[in-house]
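Coming up is one lone chain in structure tokens, specifically the form predicted alone.
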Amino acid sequence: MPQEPEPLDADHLHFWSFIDHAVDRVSRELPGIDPLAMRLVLTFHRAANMLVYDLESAVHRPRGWSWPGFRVLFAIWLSGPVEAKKVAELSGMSRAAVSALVNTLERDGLVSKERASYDGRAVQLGLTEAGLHAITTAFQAHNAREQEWAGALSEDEQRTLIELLGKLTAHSAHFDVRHRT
């Protein structure tokens, strides 16, 4: 049975110290949990959120895009012309979210829609000339910011982290991981 929580002065917690607090408290209250796995996932999640927020606010919002808008343009740029369902898969988003974003990006003159030659019901998405210019210019700024983030690690450390993340995601095939389809 969980213990009564100790009084907490939450004013002393911050974004990163909350991980220590959470792991310590949950370890005391639920002795069967794996504190190392908990710390790994909390740290990974917070770091990913921090990085995405920074990229979105420093690079994409000033261009009038959200992070999802960038992901859609990026997927169309590198795989287009392409169907919306494939953009959803490549960007890790729902079809409904991609559809709504594509409508906005089309209205903004960045994305075009055309009937697929192989199936009159299918719609192919592509970038307009303005869309191509916008995404390539934005990606240069995006990559400059990526370099700032990656600069905390040596090239060997970057490769090691990439390998470890690959190993982590490949391992998901061994249990019932939910994926967007």
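All figures in this text were calculated on a predicted structure; none of them were measured in a lab. The numbering used is simple: start at 1 and walk along the sequence shown.
One more form of this protein exists, namely the form predicted together with the DNA; it is left out here, but the text below deals with it.
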Task: Any non-hydrogen atom of residue 131 within 4.5 angstroms of the DNA in the predicted bound form - done: no
Open item on the list: Contact with the DNA in the predicted bound form for residue 44, defined as at least one heavy atom pair within 4.5 Å: yes or no?
Closed with: no
- [ ] May I ask you to check whether residue 53 falls inside a 4.5 Å heavy atom distance of the DNA in the predicted bound form?
- [x] yes
Task: the DNA contact at residue 90 in the predicted bound form, heavy atom, 4.5 Å - done: no
Task: Partner-facing stretch of 36 to 44, 23 to 31, 53 to 61, 143 to 151, counted where any non-hydrogen atom is within 4.5 angstroms of the DNA in the predicted bound form - done: 53 to 61
- [ ] Counting only non-hydrogen atoms and a 4.5 Å cut-off, give the residues of 74 to 96 close to the DNA in the predicted bound form.
- [x] 83, 84, 85, 93, 94, 95, 96
